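What follows is one chain in structure tokens, specifically the form predicted alone.
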């Protein structure tokens, strides 16, 4: 019997499907046809049924869905280390906002390419971005072959990109028109926060989201400082303010969500609000610890994000998983919370669901987009292996990713990037950094 032709087979690895049953296929294989997964199963069965134009040999490693970075600011790779060890509001108002006034489309494009190189290398195959000049972020992600949800950050004051607030609505609508329907780029609308957008502006942005059926992404309840500021201005918490405005719905992705009461978690559950959890950034800025175990128990969808490199300072979701698991264990004084399989799910299926992409990515199942990675396990810190979930969360790091496939395309093979000129990207970043030093205050 003739074998069916596919474009790629990934074989000789332990395949973590990341379905609801947490199925592991030992000595498994994944067949890829075009942009999609054709089949997942025992390697012998897949090889018997399919012949392929290309083979990726996992050589005993772990094959799993690509990681989903549910919240970042990609081009802030260029501000990595520019203002560390500061509280959120001082960091934002005294260093980051002033630095961003010097941005332009070319710089954002180049900074995003740098982020894409870092993410592909460390196993991220999809990211959700909020930043300035977001058309350039979309272009950079497209050129790098990295799946991305993109939205221009919207303020109720002039932006270095679009100028006055109403132009931000027009810019966002054009972004939607330009990218909706693209195979790997998904537009969104993204008000910065309750404290930087007026109630009417938040409503106008939601009207745009509803009109085009795109995500509405906002920093919400990120820190005690935000709570105090919003209470003083509106007499309510940020979540209460959004609820009173009628703006909480299944379109909303609430980034951070650190300062939530039990009642507000119930509002999230009832309104089907999704959350992007960024533990390392929240720790570094001393914003607090988000009640993620409580949210998960309540049935709130939670994805995992790194935030930007100015407040993390890397885009390694393996490190973020390790931090998330351990942070919540020590915070609750319960070693059983946030077990390894649940945390890995948050970085794959959870992130996909949070971004509204659960039908496309997040697990290795036939018919889904072929976003997957292979983690090399032939190294001392990953030997021996009893539990692959434990290894991936507590022992592996981004540098252990050997192969990365996005939308059926091999983006990294044997640690070599195929979609980017990595040396040229880093050289350009160093040139930009030299210019930044001339004009921007850098905390020392």
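Positions refer to the first chain, counted from 1. The model shown is predicted, which means the values in this text are computed figures rather than measured ones.
Heads up, the form predicted together with a further copy of the same chain isn't pictured, but that's what we're talking about next.
In terms of contact with a further copy of the same chain in the predicted complex, the residue from 329, 269, 142, 241 that brings a heavy atom within 4.5 Å is 329.
This chain is drawn without a further copy of the same chain; in the predicted complex, the residue among 301, 285, 184, 96 with a heavy atom within 4.5 Å of it is 285. Remark: all three candidate residues (87, 426 and 436) come within 4.5 Å of a further copy of the same chain in the predicted complex, counting heavy atoms only. By the criterion of a heavy atom within 4.5 Å, residue 33 is excluded from the residues contacting a further copy of the same chain in the predicted complex. Interface residue remark: residue 390 is counted as part of the site for a further copy of the same chain in the predicted complex, having a heavy atom within 4.5 Å. In the predicted complex, a further copy of the same chain sits within 4.5 Å of a heavy atom belonging to residue 79.
The closest heavy atom approach of residue 363 to a further copy of the same chain in the predicted complex falls outside 4.5 Å. Residues within 4.5 angstroms of a further copy of the same chain in the predicted complex, judged by any non-hydrogen atom, belong to 338-346 and to none of the other stretches in 212-220, 144-152, 338-346, 172-180. Shown without its partner, the chain has 422 as the single residue in segment 410-424 with a non-hydrogen atom within 4.5 angstroms of a further copy of the same chain in the predicted complex.
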